[in-house]
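Have a look below at one chain only, the form predicted alone, in structure tokens format.
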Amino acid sequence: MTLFETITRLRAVRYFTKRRLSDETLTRILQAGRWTGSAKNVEPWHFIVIRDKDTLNKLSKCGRYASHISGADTAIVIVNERSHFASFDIGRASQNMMLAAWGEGVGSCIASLHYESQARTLLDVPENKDIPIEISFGYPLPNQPLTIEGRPREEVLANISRRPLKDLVHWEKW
């Protein structure tokens, strides 16, 4: 795939096969996150890699719409330093990891950790750090169900497709 195809074909994958990610593939995904630019080059992120099935199951209960974590081969929890641009920077790092994974044929899905204190305890994250999100990774299950948390995805998602470019772009002025 070209870079543009990788970007435009990236989709959330919530159902995974049992196939294990190789250490090399996982390292490339982590390197894609590490090489992300950040405001003032602060690099406010830390990555907790989780492969233990029991921990993945427990982590899947730390956020709404996070059950996909339990079926993933690997999850990466993004822990960030508290700084003004941290949420933007970790968003960029997350997207880089997801694109790198997709380019390797690995699916991913992001989840907010709504129950942060539960995740903090599970992962021994210090109190002075934030744990806003995790990303689950694995090889996509063919013919995935079109559901999220057991509900038709149309009931959960605000939009299934993308708005046309003409509705989003303004030239020179609003």
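Remember, it's a predicted structure, so these values are computed and weren't measured experimentally. The numbering used is simple: start at 1 and walk along the sequence shown.
The following text describes the form predicted together with another copy of the chain, which does not appear among the structures shown.
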| query | finding |
| --- | --- |
| Contact of residue 36 with another copy of the chain in the predicted complex (heavy atom, 4.5 Å) | yes |
| Residue 141: touches another copy of the chain in the predicted complex, heavy atom cutoff 4.5 angstroms | no |
| Distance check, residue 148 to another copy of the chain in the predicted complex, heavy atom within 4.5 Å | no |
| Another copy of the chain contact at residue 60 in the predicted complex, heavy atom, 4.5 Å | no |
| Residues from 108 to 128 in contact with another copy of the chain (non-hydrogen atom within 4.5 Å) in the predicted complex | 110, 112, 122, 123, 124, 125, 126 |
